[in-house]
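Next comes just one chain, in structure tokens: the form predicted on its own.
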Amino acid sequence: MTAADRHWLRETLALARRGRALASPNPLVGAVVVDSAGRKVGEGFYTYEGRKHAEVLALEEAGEAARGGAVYVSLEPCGIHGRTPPCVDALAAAGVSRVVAAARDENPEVDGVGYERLRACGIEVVEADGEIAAEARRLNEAFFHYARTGKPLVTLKAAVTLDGKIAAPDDNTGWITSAAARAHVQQMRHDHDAILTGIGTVQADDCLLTDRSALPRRRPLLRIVADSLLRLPVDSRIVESAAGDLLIATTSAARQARRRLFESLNIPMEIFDAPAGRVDLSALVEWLGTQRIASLMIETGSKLNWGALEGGVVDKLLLYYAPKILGGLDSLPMVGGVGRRTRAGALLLENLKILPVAKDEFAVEAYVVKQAATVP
């Protein structure tokens, strides 16, 4: 890896980001072609609707100038036939001498296959490590998770005070976090395929749960309400704004009259029965995977937050902290429910990062240790 290699790889990552919300359920990929004299002669990034992979777009732009040159790509080139022929075939046909990738493709069907086929064609392969590789893996963490498990990567997001509260007992007008933090949340929504909340949150806040980033998307953000008894008000903003982007996750306990009402409004419902009349969140997440939803954000209240964590469906936490303290036993904590009764039984987190958001505000990102999900 040379300084020039790192420069071009960073450019591929920037190109890949241009496909945000346009590539799912496939990965974000950017590519740059550099000729034998070290000049950039082609570039491209992947979008699902565009079909052509980033490498192919970059090679097409480069033309004959690619021969003998190097191709930089943010993800290992594919070596299998999917919606399009393998990229390694296009790279070999273009006569490139070197391929430098920021990260290996962790999709079990692809992992390492592209590298092997490139080397078999006599093309030098270099894989990055360190910070660039970590950034490249992070860029496609939802895709990798979806490819390995068939389920979306689930992120639980919350805005909290420093003492861990999400709501005051008497008056919840106004915001916990700043406008800068809320804008950051919109960016996070834009990066997700779906968002889930509970009926209690809809009734309390009359929320929209839309992607208000104003950035282009391939498909609308799927808004999901967990509502075991179909209590969702038909005059709520989330219902009135529905345009094929709203799903109600309910149970067989919901009355037939309410089901017919939502059917008449053309709002789809899916039944996910769990004990005690609750929505089975694990079944919901598995079903979303069958719908090619690769990422799900949860934005909801204290009770459903606990249900998601205790049920083992949460993979990642993203907590936005404001410089405020509510205190009191009646203010709602971020996580309610029964909770764990011993310190030894606490849910464990790992790979924690502190992300600066605005003056005096920060976010905490961490990943759930799944082994702790069944500890009593």
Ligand SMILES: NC(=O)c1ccc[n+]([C@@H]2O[C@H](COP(=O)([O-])OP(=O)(O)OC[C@H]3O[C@@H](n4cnc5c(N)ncnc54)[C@H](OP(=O)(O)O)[C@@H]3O)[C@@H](O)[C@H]2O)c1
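We number the residues from 1 along the sequence you see. These numbers come from a predicted model, not from an experiment.
What comes next is about the form predicted together with the named molecule, which is not displayed.
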Check: So, in the predicted complex, is S178 in contact with the named molecule at a 4.5 angstroms heavy atom limit?
Finding: no
Notebook entry, point to check: Heavy atom to heavy atom, is N172 within 4.5 Å of the named molecule in the predicted complex?
Noted result: yes
Note to self: My question is simply whether I224 lines the interface with the named molecule in the predicted complex - judged by any non-hydrogen atom within 4.5 Å.
What the structure shows: no
Checklist line | the named molecule contact in the predicted complex: E76, any heavy atom under 4.5 Å | finding: no
Next item on the list: With the named molecule left out of view, choose which of C87, A103, V279, L296 has a non-hydrogen atom within 4.5 angstroms of it in the predicted complex.
Entry: V279
Notebook entry, point to check: Of I199, I248, L139, A194, which one comes within 4.5 Å of the named molecule in the predicted complex, counting heavy atoms only?
Noted result: I199
Notebook entry, point to check: Want to guess which of 200-208, 254-262, 124-132, 93-101 is within 4.5 Å of the named molecule in the predicted complex, heavy atoms only?
Noted result: 200-208
Next item on the list: Flag this candidate site as yes only if G19, A23 and A147 all have a heavy atom within 4.5 Å of the named molecule in the predicted complex; otherwise mark no.
Entry: no
Item checked: Those residues of 155-179 which, in the predicted complex, come within 4.5 Å of the named molecule by heavy atom -> K157, A158, A159, I166, A167, N172, I176
